[in-house]
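Next up: just one chain, as C-alpha cells, the form predicted on its own.
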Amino acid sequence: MNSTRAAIIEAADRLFYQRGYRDTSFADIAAAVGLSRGNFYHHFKSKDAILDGVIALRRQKTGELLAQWSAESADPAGRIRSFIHILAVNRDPILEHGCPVGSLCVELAKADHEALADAAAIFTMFRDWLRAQFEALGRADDADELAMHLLARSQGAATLASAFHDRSFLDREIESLETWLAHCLGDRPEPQTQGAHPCSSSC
C-alpha cells in the first residue's frame, strides 16, 4: 500500500470513530490528509472502498494486539486481564466515543450495510482468542460462554461510560471484571479432575 493511500485510511479510521461513518464526508477525509478532491479520487472512488480499507486496518491492528498480549504473558489469566485492561488503556477515547468496533457495527447494522459482517469479524477475533484463553484455564466446556460474557460486559461498560461520560463507572466496571475473573479462576478444576467444569453463580 502506498503512503498516500495508507494516510487516507488512517485518517478515515480516526474520523469514522470520532464522527461516525455516515457523517464523515470525502471532503472531511481529504482535508485531514491535505489532498485535493482530484488527487483523493485517484486513490478511492467511493466511501465504501475507504470503509473496506478501514475495516482491514482494524482487523490487522486487532491481530497484532492479540499477538502482543499472547507474547507478553504465558499465563492465560494474564492474557485475559490484558483484554479487560484495554478499557483503562483507552479510557479517554471510550468516554468520548465508545468502543470503535461496537460503534461502527451498530451504525452499519442500522444501515443494513454489506460491510457489517466484515466489521463484526473483529469481534469474532476477540471471541476466538478469549475462548482459547479460557480453554487453556481448564474451562473447555463453557469457554465460549465465558468469552461472550466478557465481550458483552466490556461492550456494555464502554457504551454506558460514553453515554454518561462517567469515568468512575468505567473504573468500577474494570474492577468488577477483575473480580469476576478471579471467581472464574477459583472455580477451575484441579488438573486431575475429569468431566464438566460448571461455572459458579458469580461468573
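All figures in this text were calculated on a predicted structure; none of them were measured in a lab. A residue's number is simply how far along the shown sequence it sits, counting from 1.
We do not show the form predicted together with the DNA, though everything after this point is about it.
Just one of H149, R59, K47, R172 comes within 4.5 Å of the DNA in the predicted complex, counting any heavy atom, and that one is K47. The partner is not drawn, yet in the predicted complex one stretch among 135 to 143, 64 to 72, 154 to 162, 29 to 37 has residues with heavy atoms inside 4.5 Å of the DNA: 29 to 37. When contacts are defined as a non-hydrogen atom within 4.5 Å, none of F83, S103 and T124 contacts the DNA in the predicted complex. The closest heavy atom approach of T179 to the DNA in the predicted complex falls outside 4.5 Å.
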